[in-house]
Structure formats: structure tokens, C-alpha cells
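The data below hold one chain only, encoded as C-alpha cells and taken in the form predicted alone.
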Amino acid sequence: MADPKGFLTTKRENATHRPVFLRLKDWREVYDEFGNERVQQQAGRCMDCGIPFCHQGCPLGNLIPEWNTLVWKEDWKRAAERLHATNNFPEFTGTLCPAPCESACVLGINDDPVSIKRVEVSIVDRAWDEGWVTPQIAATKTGKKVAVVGSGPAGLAAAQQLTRAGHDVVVFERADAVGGLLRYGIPEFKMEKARLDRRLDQMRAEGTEFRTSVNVGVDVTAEQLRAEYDAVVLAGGATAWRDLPVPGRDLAGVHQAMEYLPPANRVAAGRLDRSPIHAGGKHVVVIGGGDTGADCVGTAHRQGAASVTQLEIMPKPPLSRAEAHPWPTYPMLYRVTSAHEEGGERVYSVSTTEFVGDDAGNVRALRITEVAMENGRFAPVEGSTREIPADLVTLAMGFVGPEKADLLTDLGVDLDDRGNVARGRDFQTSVDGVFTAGDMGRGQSLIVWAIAEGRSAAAEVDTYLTQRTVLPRPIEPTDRPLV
């Protein structure tokens, strides 16, 4: 264990955020410096709890108590080794994961849990600063070729594992830069893309090849893919967005979140001078209360919106665990993100019934009504309908599965009842040699699940190609039902 009295003497701390008036002037990450000494103190709060339930909360099986102890003992290099033993990209999870491991922390039963994410990202940042993160070149090559379709966290994790196992791996990405939603969906203020770029440089040095601006299924056909590669990993994500088909949906100024966020990210990256969908001086309404909605809120603030309102059909979550979410499950709680700190209004238990337009065909308002749960369905509250101003609306209501485009149709893979790509315990689809990982097979989920699935799928692909079992499987096949 770390400090035997750490959890008794040290209170939980996390990194503070830069002042709002400063961070709204740029796209940099919002966090203040934390300092290694404070990180060590936080790592020292990790208890000798006997059964570390943080492992139960983390799909990757991160060795959290081990690297907490090593940090407390100032053995940062070994801590980085233990961290990378289970996670290809701890800088991604350390900034973006909602930390189900912290919700499962034993200390959290009757106290504030350990600041696991803060320790995690501090370890990997120190590792990069010290030059401990280097390419891991395969000692021998297998002569097998693998195509990975999609360069989000699942695809990248699968590609890195397979490259290190000696396979020739090509990652296809239809955007003009690698990273999937890490690149153009997640705003810079949540994770600066320098974190992604240095990891991609490592992967290139290891031998992974990236091909951008390639729409697989169109630019490269399914037939060509199957003919050229010994195995295929589908990791294109769940990118089919949920829409809101109410009157006025076709008005100008109503956009999907993933139409709004990518050009803003291009501006932050210097690839675009000004976003064609800009919130400057406008009354912005974000429909959807999740992380993507919060990303839209923070982006609108930085673009100079006149006002920002976020709507959520669900009731306001409680401040503490409800009986329905006992420890160590991940609870639905009222959370304030950095974007919410920056201003705006959050409105719960409301449903949008109409987009109201002006004479020129632009949205000018939303007609909303309060809702209450009746017999398992949301029912409108009589007399609660009202209008709120809206010059720009973003729909951030989640995703309904992978796009049913040419690739999936031409490959002939089966879909499950939810519209995701069906797969068995070995992550293989109904088509021999074609595997799937991440949201494309699982449905919309967390980044930590995407990386875990990418690693596990890579292990199954390696076994398929070589009949060996050398790569780790964070998600054991027996944990997943047959499809």
C-alpha cells in the first residue's frame, strides 16, 4: 500500500481550473498545474483495501493500487511501466474518461475516493517529459496484414497491439487527420491534440501505417479490403446520430453536434480560419445533457455566444448516490463540467416540441414543454409550454449505432437487435476474418471501454492469424455473451 495513514490525514484534491475569463480566450486545456508533490499525496490516500474494487470499475484492469504506491514512493518510472502495462493511452483516459474506477474506490464508501484520474495523467505526463515513452518495435514479423477501419481509441488500441505483435497494420480514416472523435469531436479544452499527435508519432515509429481521407466501402471496396488483408478490424464507432423529427427541424441554424464541433476543432488546430457554424452573438440552445452537449456548451462560450441554454429531458440528477446506484456502481449524479462553470443555464425535465422560424427560414426560438414520467413514459405537463430564444441549436442526443453504409452492407456482416455489428465471444463478426471493436459493436460507450475492446480484439485477431495467445485480453471472452 501507499501511505498507511494517507486516507486518514489527506483530503481528496483535484486539479483546479484556470480562471474562466482567461480560458475563454483560448482553446487550451482548462486545468491548472497540480505539482508532483501534491500528486504523491493524493496517491498516498490509496488504501490497503484487500479487494481493490477500482479494478471492477475499470474495464482495462488498470493496476491502480500498484501505481499509486509507486508514485507515493517517488518511483515514477516503474509507475509508468505499470500504467502502460494495461493501457495504451493513459493520457486519453486521464483527461476524458468519467472514471468509473473512482466510483468503485473502496474509500468512496464513506469518504471521498482517491483522485485516480489525476494520478494517472500525472504519471503519463511525467513519462513523456522524462523520455520514458519510446517505440516498442516488434522483434519478429509475422508476414500477416491487418486492416483497421477507424482511428478512434478502439482502432488505435487494436492497431498498436497488433503492430507490436509483428503484424503489418494499416489504419484507414475517412477524415483528413487521424484520431476519430479524439481529433474532431473532443474539443481542445478537454484534451489538447498534442497528446494525440505524440502518441501517433510513437505508433508510426513502431510501424503502424495510417491512411487518411479514405472512405472504406467507397474509396476502397469491401472486396479489395478482404483480398489484400488477412484480417479486418471494424472500429468505425457509433456515428449514426439521433435526430429530433419535430416541426421546424429543417430550419437553418439547427445542426447536429457532430456538424458543429468538428469545424470548431479545425479552427482550434489552425486548419480553418472561422467555423461556418459560429455561435458569436447568438442565443445558443444545446439539446442533450451529456458530455457531447457539454462540449457544445464550452465551444459556444469560446465563440462568444450571447447566451447558452442546455436542455435535458431527464430530471435533474441527485447530488449524492441514490438507492438505485449503490456502491460500487457508477452513479448518476449532478456533475458540473468545466464548460458549465463558464456560464449558461441548464434546464431539466423538458422536451422540445417545435423549432420556430422567422420569415427568412432561420430558427428564432424553441417551443418546449415540461415533462413528467407516467407509466414509464415522458408525458407533457399541462400548461407548461413556453418559447425560449434560439438562433443556433445543436442536437447532442447521442448515437444510435454505426452508419449502415456501403462497407457493412458489402461485407455482409450481421447486425444485432440494437443495430450494432454483431460479434461473438472472440470479437469476430459473422464474416470469417472480420472483427469489430468499440462502439461499432458495443454501441455508444466510454473511451475506457473502447480501448479495452481494441486491446481484446487485437488479441483475438492475433490468435486467429497465428494460433498463439500472447496479447492481453482486458475483456475476457467469458465476460461477454454470445451474439
Ligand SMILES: Cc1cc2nc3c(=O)[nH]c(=O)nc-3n(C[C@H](O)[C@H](O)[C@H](O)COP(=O)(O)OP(=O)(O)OC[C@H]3O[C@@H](n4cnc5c(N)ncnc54)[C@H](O)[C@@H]3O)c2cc1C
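Note that residue numbering begins at 1 and tracks the sequence as displayed. None of the values given here were measured: they were computed from a predicted structure.
Omitted here: the form predicted together with this ligand. The next part is about that form.
Comment: this ligand is not present in this chain, but in the predicted bound form one of V434, V421, I447, C58 has a heavy atom within 4.5 Å of it, namely I447. Proximity to this ligand in the predicted bound form holds for all of G152, L181 and L261, with the criterion being a heavy atom within 4.5 Å. Remark: L83 does not count among the residues lining this ligand in the predicted bound form, judged by a heavy atom distance of 4.5 Å or less. Although the partner is absent here, G237 is a contact residue: one of its heavy atoms lies within 4.5 angstroms of this ligand in the predicted bound form.
Taking the partner from elsewhere, D125 is found to have every heavy atom lying beyond 4.5 Å of this ligand in the predicted bound form. When contacts are judged by a 4.5 Å heavy atom cut-off, P98 counts as touching this ligand in the predicted bound form. Contact annotation: this ligand lies within 4.5 Å of heavy atoms from the stretch 211 to 219 in the predicted bound form, the single such stretch among 269 to 277, 198 to 206, 365 to 373, 211 to 219. Residues of 310 to 338 placing a heavy atom within 4.5 Å of this ligand in the predicted bound form: none.
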